[in-house]
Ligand code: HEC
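Just one chain is shown here, as structure tokens, and it is the form predicted on its own.
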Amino acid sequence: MRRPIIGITSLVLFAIACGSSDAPMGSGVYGGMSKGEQLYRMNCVLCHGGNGKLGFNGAKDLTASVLTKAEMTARVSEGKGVMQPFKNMLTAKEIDAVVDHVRALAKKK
């Protein structure tokens, strides 16, 4: 049981490391996307999917979330279960942008 979690966590960390770049976020693959969507695609898509419904490794369907914005912000900051905390990887402003994007996914349902 522990090996799959370690392996998946390693993949997530690898994906995050590969997603980091000194290039401006408005260029290349992420051009035309909001800052929140860019950050979501770099950090969250692996488990939650592009539309928020993937559910890989126990990830919740973000389009069905009943959490408040404050609760979502805390969840992204602190993590829960297998989901890592992002408070040391993203600024408060970036976390807020990701949460705004996730909340918009529920409206596109």
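The structure presented is a predicted model; accordingly, all values stated were derived computationally and were not measured. Heads up: residue numbers just count along the shown sequence, starting at 1.
The following text describes the form predicted together with this ligand, which does not appear among the structures shown.
Asks: With the partner left out of view, is Gly58 within 4.5 angstroms of this ligand in the predicted complex by any non-hydrogen atom?
Replies: Yes, Gly58 sits close enough to this ligand in the predicted complex that at least one of its heavy atoms falls within 4.5 Å.
Asks: I'd like to know whether Lys35 contacts this ligand in the predicted complex, with contact meaning heavy atoms within 4.5 angstroms.
Replies: Taking the distances in the predicted complex, the answer for Lys35 is no, it never comes within 4.5 Å of this ligand.
Asks: Any of the heavy atoms of Lys80 lying within 4.5 Å of this ligand in the predicted complex?
Replies: It does: once this ligand is placed as it appears in the predicted complex, Lys80 has a heavy atom within 4.5 Å of it.
Asks: Would Ala70 count as a contact of this ligand in the predicted complex, using a 4.5 angstroms cut-off between non-hydrogen atoms?
Replies: So Ala70 does not count as contacting this ligand.
Asks: May I ask you to list the residues of 38-52 that have any heavy atom within 4.5 angstroms of this ligand in the predicted complex, in sequence order?
Replies: Heavy-atom contacts to this ligand in the predicted complex: Asn43, Cys44, Cys47, His48.
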